[in-house]
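Take a look at this single chain, the form predicted alone, given in structure tokens.
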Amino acid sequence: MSKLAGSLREAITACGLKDGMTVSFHHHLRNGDHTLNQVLAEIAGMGIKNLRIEASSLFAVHAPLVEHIKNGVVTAIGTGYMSGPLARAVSEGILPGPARFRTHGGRPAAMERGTARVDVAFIAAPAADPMGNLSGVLGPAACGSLGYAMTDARYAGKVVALTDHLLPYPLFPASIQEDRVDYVVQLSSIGNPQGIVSGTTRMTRDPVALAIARLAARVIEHSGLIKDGFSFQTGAGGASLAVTQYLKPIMRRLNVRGSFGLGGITGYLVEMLEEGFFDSLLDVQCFDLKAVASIRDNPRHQEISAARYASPLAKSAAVDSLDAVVLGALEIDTDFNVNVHADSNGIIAGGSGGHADTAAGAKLAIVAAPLFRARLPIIVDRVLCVTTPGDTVDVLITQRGIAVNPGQPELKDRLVRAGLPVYDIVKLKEMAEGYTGVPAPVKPEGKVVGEVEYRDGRVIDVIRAVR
């Protein structure tokens, strides 16, 4: 037997894809992904229209989606993150209805509830065998973990694996097994793994960001959480990633061995695993090629699904065992609500990813961000869009000082006793405005172009069109 289809079109036809259905994609190749564009070009050539895209994330490389929207091939989008020309076009109202933004944990929960039903999932598999056993750690486009694709394989009506590296049956190790896959298509290329690495997944050299990271490590040190069994995650972004280099000497000095590092894994956490600072890594997505090599070669670097990572419907999820997480922000308001969806002009510039999931699950949720960017203060009276509710955020750290959520008085006392520069968040806002002045408020008032769904399925905010 073989599930090999003769062509992409043959597999699409065999799946029975029709107008109005939903197709899904995952983003482990990030800005190096070639599969979404190839699949949609084939679908457009077949004359299929009015599709909904359910993608775990969408990047600049997916700019051809704009033309597919204009031509009526795609009329709706659900995603965890969006950037590049597509994000600009959606911000200007190109879609007939609002894009639906979910968290990385909310996406598998929505599939389980049936509110994000997928008819055909297209899985970019760096290696596959003819029966549909799939691996992310082998082949020229190896991307490491296939954690988000596991969800698609589990819940989609039909599953098509796309690979450029076909191996004999049975493929081992297999991240996704043959019992989940209907068809296998061999392509000349599924993507460029160099595109996994982006500006948001590189360690910063910016002195302001490094000062913030150093302060964040001290906050974690004095939180009382650094002891044997400590668990940690850092979000994408220079200041967040840089915390690892300051956390390591603290753990060494205190002779602490952590239990696990979590999330999108970088080479910096891989180094901490190899040097004995953590017992294991739980990896839903590799953020660089060092992490890809590690998950292939080190059995203590474990691949996990998006559901195990963060689904609120899972019987337990890794985020619920997390001690500390360091996250970024485009804006934070005086109630500690965080925006990572829309920039200061109201244009879509990202999405929650695991931001809201980890903030809800971790014992200590830290937001690390500069006091101002491009002469605009980071702290505002009310964020343009609520990504992560303020009651799940514990600390804001800037280069000028720290603000602690009023709901954490014990933590505030610990930091004050440690001699750290703790201020009321309103005071930090005034400091920023002393440098930048008070900016004119920006409030897009066009039609709703995005709905921000919290991890429990509620819509907690909307994004409106810009001119």
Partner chain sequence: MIRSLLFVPGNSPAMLQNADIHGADALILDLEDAVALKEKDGARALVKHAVKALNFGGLPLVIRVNPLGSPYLEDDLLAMVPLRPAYLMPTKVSGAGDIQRISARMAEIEASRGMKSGCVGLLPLIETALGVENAFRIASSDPRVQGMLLGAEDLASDLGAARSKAGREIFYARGRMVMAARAAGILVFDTPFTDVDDEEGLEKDAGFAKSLGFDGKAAISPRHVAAINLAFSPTVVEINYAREVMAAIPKGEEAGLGVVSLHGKMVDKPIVERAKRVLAAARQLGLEGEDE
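The shown structure was predicted, so the numbers you read here are calculated from the model rather than taken from an experiment. Positions refer to the first chain, counted from 1.
Omitted here: the form predicted in complex with its partner chain. The next part is about that form.
*Which residue, P96, P207, P173, P140, has a heavy atom that falls within 4.5 Å of its partner chain in the predicted complex?*
Comparing distances to its partner chain in the predicted complex, the residue within 4.5 Å is P207.
*its partner chain: the contacting residue among K49, K427, R414, R400 in the predicted complex [heavy atom, 4.5 Å]*: Contact check passes for R400.
*Interface membership of F372, its partner chain in the predicted complex, 4.5 Å heavy atom rule*: Yes, F372 is a contact residue.
*So in the predicted complex, does I250 come within 4.5 Å of its partner chain, heavy atom to heavy atom?*
The answer is no: I250 has no heavy atom within 4.5 Å of its partner chain.
*Any of the heavy atoms of A211 lying within 4.5 Å of its partner chain in the predicted complex?*
The answer is yes: A211 has a heavy atom within 4.5 Å of its partner chain.
*Partner-proximal stretch of 324 to 332, 339 to 347, 392 to 400, 162 to 170 relative to its partner chain in the predicted complex, 4.5 angstroms, heavy atom*: Single hit among the candidates: 392 to 400.
_Suppose contact means any heavy atom within 4.5 Å; which members of 416 to 444 contact its partner chain in the predicted complex?_
Sequence-ordered list has one entry, Y435.
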